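For reference, the chain that follows is the form predicted alone, supplied as structure tokens.
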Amino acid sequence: MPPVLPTALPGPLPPLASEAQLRALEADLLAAGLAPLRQPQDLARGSSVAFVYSPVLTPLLTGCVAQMLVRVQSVDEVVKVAAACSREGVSLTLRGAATGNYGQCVPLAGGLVLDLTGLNRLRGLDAETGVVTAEAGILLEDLDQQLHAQGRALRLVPSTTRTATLGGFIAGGSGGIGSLRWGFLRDPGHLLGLELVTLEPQPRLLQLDSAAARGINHAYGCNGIITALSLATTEAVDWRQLVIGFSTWDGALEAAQLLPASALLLNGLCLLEAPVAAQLPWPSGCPAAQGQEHRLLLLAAPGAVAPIAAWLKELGGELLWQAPQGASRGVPLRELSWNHTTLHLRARDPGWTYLQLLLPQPEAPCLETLKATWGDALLWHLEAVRSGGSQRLVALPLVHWQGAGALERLIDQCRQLGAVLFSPHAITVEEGGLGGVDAEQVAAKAAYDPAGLLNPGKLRGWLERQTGAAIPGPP
């Protein structure tokens, strides 16, 4: 049985660019009016992401550094960079705000890193359909604020919405706040089209519809340079932040199971086991978690607050704190959910890492069995999502690092119990969540990056195409 966790960089990888290639590339970029950077400190900053969350990825990705960095401000400049890299045969890795945790934009084969954060304009909002078109480098919070001014909002945002870019979220993310209502980014109806620059000696600027965009969605920037995207939006709601305490885990879990199936309008539901809640920085005015108090975090419509408080009291819950989203001081509630939870615990003890699991239903037997096996080395953090049209719970458990062997055993046990793994300890797109090779992604790479220069090593299906043989993935 092949290993679940990577032990080496995927390959074959192209060689680092030679000094002659780099000099030629630099000359091309300077002639185009761009300012390539080659200072070590610039390259180190421009090559890093938060892969330190994974003690599996850290030794593999540390030292993977670009040989050149370029920042662009327009689509025309993107075209010039693509043409120069293609002519000189230099690998190109795309970068947004680099808030990902899997090494999505770490250059495995050196080459040039292209920073797209200068592409940050809202191009338009269709007042009738609510479809928004914006450039790839726009910050999600900036985009959402501009949408709110017109009564609209993004359907899905990560907990890193204050720092993440739109293009990076589509290319390297999967869901987050809003997934309780709207599912995941790859679900039909979210990404409605995109603008793409191909990596060829004479790059093409293409406008892809929703069907053609499927092969680009969640592909780590391996098969085209996204410069703008069109997405569906939803009505803006002034969400209320709620923190509810429970003295028993069973009561808290029951509430987490019942609330998403109710008629109450919710945008987020996060359940934290007491030892996790006790270590988090709560918003100003919210009491710190004490003892064995498990906590349920909700984003609810204003009209849902009173019914929720009354209903959860019957289940043993107590409303501890509430405030309008955006009006509270200190850390906002959404930055205690999703992978921000892991961030906060690692700030106290970097020995914590995590997993991502779609739990089997009913959830309790799986949770109880794993807890009985791993004890306090496994702490529960659950999020409510919509998956395949059904309300489900996903787990982002905190796992205390005890070595790769122990993590392999935990993953194997999770799978035996019926949980589906979306590994945060994987390098390729497929192992990070798709579960298998996506033929549309491979076809898109062949069409838009025929020399295979974009983010090499991250698309297993392309590696298999190069070698002519299947590359082992997780069981």
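Sequential numbering from 1, following the sequence displayed. Note that the coordinates shown come from a computational prediction; the quantities given were computed from them, not determined experimentally.
There is another form of the same protein, the form predicted together with a small molecule; it is not shown, and what comes next is about it.
J.: Can you say which of 298 to 306, 104 to 112, 373 to 381, 264 to 272 gets within 4.5 Å of the small molecule in the predicted complex, counting heavy atoms only?
T.: Going by heavy atoms within 4.5 Å, the stretch is 104 to 112.
J.: Quick one: of A134, A164, L242, L398, which gets a non-hydrogen atom within 4.5 angstroms of the small molecule in the predicted complex?
T.: The option sitting close enough to the partner is A164.
J.: Can you pick the one in N217, T233, Q257, N339 that has a heavy atom within 4.5 Å of the small molecule in the predicted complex?
T.: Exactly one listed residue reaches within 4.5 Å, namely N339.
J.: Verify the contact flag for G176: yes if a non-hydrogen atom of it lies within 4.5 Å of a non-hydrogen atom of the small molecule in the predicted complex, no if not.
T.: Looking in the predicted complex, residue contacts with the small molecule include G176, since a heavy atom lies within 4.5 Å.
J.: Any chance H294 has a heavy atom within 4.5 Å of the small molecule in the predicted complex?
T.: Contact check for H294: no, nothing within 4.5 Å of the small molecule in the predicted complex.
J.: Even though the small molecule is not shown here, does C85 get within 4.5 Å of it in the predicted complex, heavy atoms only?
T.: C85: no contact with the small molecule in the predicted complex.
J.: Counting only non-hydrogen atoms and a 4.5 angstroms cut-off, does F169 reach the small molecule in the predicted complex?
T.: Judged by the heavy-atom cut-off of 4.5 Å, F169 is in contact with the small molecule in the predicted complex.
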